[in-house]
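So this first bit is one chain, no partners, the form predicted alone, shown in structure tokens.
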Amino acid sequence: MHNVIRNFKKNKELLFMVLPVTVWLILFSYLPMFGIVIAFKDYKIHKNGFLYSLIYSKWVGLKNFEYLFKTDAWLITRNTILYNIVFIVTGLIFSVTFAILLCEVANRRLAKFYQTTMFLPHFLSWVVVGYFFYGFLSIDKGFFNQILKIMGKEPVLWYSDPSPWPFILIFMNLWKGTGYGSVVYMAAIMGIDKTYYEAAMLDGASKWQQIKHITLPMLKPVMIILTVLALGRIFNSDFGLFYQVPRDSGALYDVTNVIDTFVFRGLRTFSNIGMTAAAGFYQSIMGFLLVLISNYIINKIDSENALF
């Protein structure tokens, strides 16, 4: 006990610094975990409040999960996983590439301009982006359809044709996320010892050889950590991207419906809180397992770069 008090006095400034984050984690990450039981209940909202409803709602076991897997579980899981795999791979490639390119720009003012231009989309709401995008794809006044009319071609029913939407969603995710994703890699590149590059230049290494043999190997630990963390969220989707950009068009559900939008529509349309809680629980458990599996694989391949 004496050692605990002494350590507290010694590190009290640091402990007080992390106190707000600790409180935030407890309130918004740990306390809500008690609501997991809703996934196993026929939850009915009662006038006496949340706790009364939670305690006195009827237990239904795994019926909520049965309902989930009898409806669209396969479709929404497939879409969520495939989109996120593509997002992780393309996001990694584009973020690393643009980070390296920006660090190679000799003019610092020009580099700052490029970085700001790339970073700006991250701050735009998907609601705003969805309305701007509608201005391009609208059937009657959309920019693209107006060009097609001038060319003498029939307008395209963008919000009724699912075929181009996987490519549209991938492009929009890259457009909005590449600038933000490149920041971490830029910081890592800035931290690389410049003597490595100086030695490489003395040995006659080209710029590409410096990137291949110095920059990329030095970025490898950061790339692995961020990829493992992204894998942990592979069952989570950007709700705004999949709901606001396609404007909740029913004709596009086969390619735009993911777990997050399914939960929202189920709650809004059927008010089935138990089923939506089951979908969220399924989402969290699978993400947790993926983090453990991916970290285990990395431990076997290269234990120094594993998370734990």
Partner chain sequence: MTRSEINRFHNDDLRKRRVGGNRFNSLPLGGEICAHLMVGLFSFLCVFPFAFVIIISFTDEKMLVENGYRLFPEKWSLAAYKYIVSSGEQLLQSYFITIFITIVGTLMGVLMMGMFSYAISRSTFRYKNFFTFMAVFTMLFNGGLVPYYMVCTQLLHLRDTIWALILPLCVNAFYIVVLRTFFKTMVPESVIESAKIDGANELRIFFQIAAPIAKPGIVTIALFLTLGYWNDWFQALLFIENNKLYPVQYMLKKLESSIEFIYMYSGYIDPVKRVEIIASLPTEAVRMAMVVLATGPIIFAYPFFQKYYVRGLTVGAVKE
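C-alpha atoms forming the largest set that superposes within 1.5 Å between two forms make up the rigid core. Source: prediction; values computed, not measured. Positions refer to the first chain, counted from 1.
The protein also exists as the form predicted in complex with its partner chain; that form is not presented, and the subsequent description refers to it.
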Subject >> Contact residue in the predicted bound form, from Val105, Leu148, Leu75, Val86 (heavy atom within 4.5 Å of its partner chain) >> reply: Val105
Subject >> Residue contact check: Phe264 to its partner chain in the predicted bound form, 4.5 Å heavy atom >> reply: yes
**OP:** Could you confirm whether Lys141 comes within 4.5 Å of its partner chain in the predicted bound form, counting heavy atoms only?
**Re:** yes
Original post:
With a 4.5 Å heavy atom cut-off, would you call Phe136 a contact of its partner chain in the predicted bound form?
Top reply: yes
Subject >> 4.5 Å heavy atom contact, Pro217 to its partner chain in the predicted bound form >> reply: no
Original post:
Looking at its partner chain in the predicted bound form, is some heavy atom of each of Ser53, Val128 and Asp193 within 4.5 Å of it?
Top reply: yes
Original post:
Are there residues in 223-258 with a heavy atom within 4.5 Å of its partner chain in the predicted bound form, and which are they, in order?
Top reply: Phe239, Gly240, Tyr243, Gln244, Arg247
Subject >> Rigid core fit then Leu62 CA moved by 2 Å or more between the shown form and the other one >> reply: no
Subject >> Shift of Pro32 between the shown form and the other one at or above 2 Å (CA, core fit) >> reply: yes
Subject >> Gln244 C-alpha moves between the shown form and the other one by 2 Å or more, core aligned >> reply: no
